[in-house]
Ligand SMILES: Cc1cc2nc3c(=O)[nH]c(=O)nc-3n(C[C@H](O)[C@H](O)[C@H](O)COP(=O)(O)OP(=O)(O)OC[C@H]3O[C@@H](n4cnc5c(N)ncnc54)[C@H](O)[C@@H]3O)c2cc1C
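Quick setup: one chain, the form predicted on its own, written in C-alpha cells, and binding and motion questions come after.
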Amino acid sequence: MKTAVLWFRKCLRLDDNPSLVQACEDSNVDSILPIFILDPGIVGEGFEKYGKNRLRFLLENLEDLDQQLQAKVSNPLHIFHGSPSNAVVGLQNYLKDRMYSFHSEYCSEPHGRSISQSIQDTLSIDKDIPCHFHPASHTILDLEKTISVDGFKNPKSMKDIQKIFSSTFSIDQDGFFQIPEISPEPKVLKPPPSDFNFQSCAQLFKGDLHTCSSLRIKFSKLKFLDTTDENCYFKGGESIARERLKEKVSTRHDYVNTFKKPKTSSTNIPSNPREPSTTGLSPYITIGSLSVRRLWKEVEKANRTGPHSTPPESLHGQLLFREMFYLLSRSVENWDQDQNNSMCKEIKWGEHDDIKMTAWEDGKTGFPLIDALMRQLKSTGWMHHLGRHAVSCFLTRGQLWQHWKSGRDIFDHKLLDSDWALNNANWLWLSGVAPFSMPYFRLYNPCPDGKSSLNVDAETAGFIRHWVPELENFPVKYIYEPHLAPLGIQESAGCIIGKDYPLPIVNRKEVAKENLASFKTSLAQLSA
C-alpha cells in the first residue's frame, strides 16, 4: 500500500487545497496520512509563544478539519508537537517503503523555508521520496517565481503591486485580473493506511503525538482553555470561515461594492462592540481555514454586478496590500529587524520602559480609546486596523516612544490573525520607519472626536462603555478624555479619575512634540 503523507501547514481546509488535490488525484497513492505539526520554533516548547486565544482558535480549526476528514473518509488528523524534521523522520521510519510521497504548502518565512529544505533533503536524498511544497497556496502570487523575475523591484506602493499583478496575470475585457481558478474540494478522499498504529508511530517520534481530543485535554490541563464563551468571539474552523464569508461578502454585494477600508469604524458596529465593521475574515485567512483565492473570487463576483470601490480602499485593495507585504517579507533581508533592513529607518527609540509597556498592554494608560482597544485584543484576539493604527502610533512615535518591536511581539502573541510577514509590515508602517509609511509627523489623536480619521463612535461610545466598564456612566462629552470632566460629573458617573480609572500616563501633547523632535533628530543623524 502506497501512502502519501499530507502536512496541513498553511491550509487548514479542504477547499482550494492544492496539496490535498494532488495527493487524491495521484493514482499511485492508495492512502493518505493527514498530519499537522506544532513546531516549537513557532508555538514554543510549552506553547508559550501563543496567547490563549491563539491556541484556542488553532485548536478549533484543527478540530473542524479533523471532523471533516473523519466525516468523509474516517481519516483522523494526527498532530505532532515537536521538530517537523523529526516528525517526518519518525513517519519515514514507521511507514518504511510504504511512504510514497510527501505533500504540503510552501512557507515564505525564513524558519519555514529552512524546515522545508531539511525535509526535502531527508526524503529526496535518503529515500528518493517525492516531496511537494505547493506555491501560491497561502498567497495569490507564487512568491519565489515573482521575486526571481528579471527586473523585479521591491514594491512600495499600491501602484507597484498592481504593476506586478498586471505582469503576472492577464486582464479581461472588464478590467479584472485573471487569477488562477480555485482548486475544488476533492470529491473522494482517500483512507488512512489500514494498519496505521498510533502508539507505534508515537514511539518513533522525539516529541508528543496527539489526536484532537488528546490535544484539547492537554490544553485544558495547561489552563489554555479557561476563557469564557463571551470572550471567544471568533470561533475557529473552515466551516465557520465559510459561513462568515457568505454572511459578510457573498450575500452582501452592496456592502462589498461600496466598501472603503478607511471609512470603516475602529470601534466596531454600534449594536455589537465585538463585531467588526469590516469582514472579520483576517483570522481565517491567516490560519488557512479560508482560501485567499476564494475571498478574491467572491469579491470579484460582487464587483462584476456594478460600480464598485477600487484599490487601495477596496477589499481587493486590502488583498493586494497583503500580497505586497508577503513579497517584501521574502525579498527583504532582516524583515523583522531594524538593523540591516532596507525597509526600516533605524530610529533611536527610548529605553524599554516596563511601566509604560505594561500599562499599554493591559489597557490602563488613562486614554480610554487606547485602553478599550487593548482590552479588546486581550479578550478576543482581534482589533480593527484603525485601532491598530491608534495603539501602535501611541506606543511609538506618538506618546510612549517605545520600540516598535516591543509592540509587535505583544501583537504576535495575542492576535488571531498574527502573521510574520504582515505583523512586521504593519509595525514598520505604523511606527513611521518604512518607505511606505505615512509621514512620521502625522499622529493619531488618542482622544478623538467624531471627525477623527479613526472613525470612532462619538454618539453613544458603546465600544468604550463595553471594554472600559469603569466609564460606563460617563457622558459622551468626556468619555474619550475623562480626566477633563469636572469632579461632580465624575462622582455622578461613579468613577473618580486617578482612583477608579487611571490618570493619563503622559501629557499627550507635550510628549508628542518631544517625540517628533526626537524622530527628526534621529533621521538627521542617519543621513549625516
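Just so it is clear, the model here is predicted, and its values are computed rather than measured. Quick note: we count residues from 1 along the sequence shown, nothing fancier.
Quick note: we don't show the form predicted in complex with this ligand, though the next part is all about it.
Judged by heavy atoms and a 4.5 Å cut-off, are N61, K235 and A241 together in contact with this ligand in the predicted bound form? Answer is no for this spot.
Contact assignment for this ligand in the predicted bound form, among K345, R322, R274, H81, heavy atom within 4.5 Å: It is R322.
Among the candidate residues N257, N86, Q92, Q318, which is the single one with a non-hydrogen atom no more than 4.5 Å from this ligand in the predicted bound form? The residue in contact is Q318.
Name the stretch, out of 151-159, 421-429, 205-213, 348-356, where some heavy atom lies within 4.5 Å of this ligand in the predicted bound form. Of the stretches listed, the one contacting the partner is 421-429.
Counting only non-hydrogen atoms and a 4.5 angstroms cut-off, does I164 reach this ligand in the predicted bound form? Outside the cut-off, so no.
In the predicted bound form, is there a heavy atom of this ligand that lies within 4.5 Å of any heavy atom of F436, even though the partner is absent here? No, F436 is distant from the partner.
Contact label in the predicted bound form: D417 to this ligand, heavy atom within 4.5 Å: The answer is yes: D417 has a heavy atom within 4.5 Å of this ligand.
Does F224 reach this ligand in the predicted bound form if we count a contact as any heavy atom within 4.5 Å? F224 lies outside the contact set for this ligand.
Of 267-288, which residues get within 4.5 Å of this ligand in the predicted bound form if you count heavy atoms? Residues within 4.5 Å: T278, T279, G280, L281, S282, I285, T286.
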